[in-house]
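Coming up are structure 1 and structure 2: the same protein chain in two forms, each one given alone as structure tokens.
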Structure 1
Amino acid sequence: MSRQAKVNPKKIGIIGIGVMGKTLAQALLNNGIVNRETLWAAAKTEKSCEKARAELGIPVYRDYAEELKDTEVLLLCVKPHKISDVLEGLKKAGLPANVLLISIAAGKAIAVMEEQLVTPNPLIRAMPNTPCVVGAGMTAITAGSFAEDAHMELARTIFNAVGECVELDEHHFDAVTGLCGSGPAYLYLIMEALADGGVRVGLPRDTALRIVSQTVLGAASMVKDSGRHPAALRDDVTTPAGCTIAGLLTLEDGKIRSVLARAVEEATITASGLGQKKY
């Protein structure tokens, strides 16, 4: 008989209450997906538990075995090298086979997690990025062997609460990690460099950074909302013998295209080994 997931589950647990765990918890509450009586979290130390309780106003435990029997969805928000320990702990605690697991551990393949679990739990792998903190994140999700459409709908509901969500085959996930997961860091570096350029030509640093932030936000909105290729939008700005073409040629001299593309490639290669590392 086909299992059906609820779009508004009765109880959700979050294991790992770091930046992403807290972000998802707050989004679940703010969007009415659960309330404070039906959301709980788990942390490794009592100090972390106390801090999360104060910030979120929800129960936060070190030992959460008793909570599992009434929980319908578990968000696993731990580092890749910790996911095996978490899954082993869930097995020992008697995780019910109908609980939906959503893992954000980069590099940890669904097949590996399912093999360790043994039970036929629906499992979804997700790759969010840090702009989820401000509700502008990008998350990719993919389904495990026992996850059905309703489970994926619930995952989309959760991650749409912190930005946008796209469904992809799992073989794309290392690339998603290299582009989506690491991408904000590349853009922060570019923004810092552009602000430095503004300072070099006389702008106050805070003004330069404000201009850069809005310029990047505006350019991203143009690409997203217009549906036009970035090259076409770039041509709109690039007038003959103008200052933009002078700046663009300087960037091309620095091989900016290949450097950025190679950054994604290298990050993707590294992502493929994250699930195997022990540190």
Structure 2
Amino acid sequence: MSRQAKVNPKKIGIIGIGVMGKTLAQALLNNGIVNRETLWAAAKTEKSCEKARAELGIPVYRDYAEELKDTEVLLLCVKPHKISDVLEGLKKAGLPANVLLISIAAGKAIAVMEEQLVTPNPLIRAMPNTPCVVGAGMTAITAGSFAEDAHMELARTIFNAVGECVELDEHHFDAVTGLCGSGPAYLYLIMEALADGGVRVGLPRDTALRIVSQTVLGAASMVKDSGRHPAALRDDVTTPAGCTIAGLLTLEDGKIRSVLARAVEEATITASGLGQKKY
């Protein structure tokens, strides 16, 4: 899955090295976008800094002002309600105006961040998901007022190296958060339930999970590689009076289609409020 980047940035800083920051750090290292000398990170507490240093083998700071002058790209990976503090800190630290900022905070609009920043830094909003760590992520990006083609190219280089990357208007970002940011969690739940089904009919748990993982991977590849509609692929495996139609009707009885679609809708609504939340 690993893809080599076309243009590697000289130094990347990750502000916020929690779940997502670590995922991206690991992904950037695994895919050769940066090495341990050209990647640094920051956290709020010394405990988190220490933990991330031990896990990633990169410098992790509480005070990162010194690093800013050599850094080309800053990935902002703090919770949405912490973005404002981070931008304030960057302003005080004299953030050079040419540093590209890429925010992955859900629900935090570009206009709000640009208004606070004041300096004309190129800013890109991105919404990645956790499979980035295995090179199979999905990320949407959108450009701020001062982001030029070269900055978007750099962002594409980073996110293409860890999966796929699409460019979308910012008004789609809450939807992307509900579908792509949260999507892996929906699929983990579905996979767990399918494995439970396997266990119910006598399969050992680890075998059931292995079968489910490969089946989901295979089905996803069929949809991606064939370019055919999932309904057409489903018809192909649904023989008259067979077992698949029996299983499918049971799923429809449970309203799986509307339950999943409504889950995306609900997550999108929640995402739209994340930028204003205080926690």
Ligand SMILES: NC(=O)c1ccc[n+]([C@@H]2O[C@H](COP(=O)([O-])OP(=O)(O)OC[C@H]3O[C@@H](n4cnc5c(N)ncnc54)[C@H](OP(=O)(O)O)[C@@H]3O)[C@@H](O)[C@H]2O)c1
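Please read all numbers here as calculations on a predicted model, not as lab measurements. Here, a residue number simply tells you its place in the sequence of structure 1, counted from 1. Here the rigid core means the biggest group of C-alpha atoms that line up within 1.5 Å when the two forms are laid on top of each other.
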- The chain seen in the form predicted together with the named molecule is the one numbered 2
- Query: Would you say Ala267 moves between the two structures, meaning its CA shifts by 2 Å or more once the core is fitted?
  - Reply: no
- Message: Superposing on the rigid core, is the Cα displacement of Leu249 between the two structures 2 Å or more?
- Response: no
- Cα displacement of Gly18 between the two structures, once the rigid core is superposed (Å): 2.3
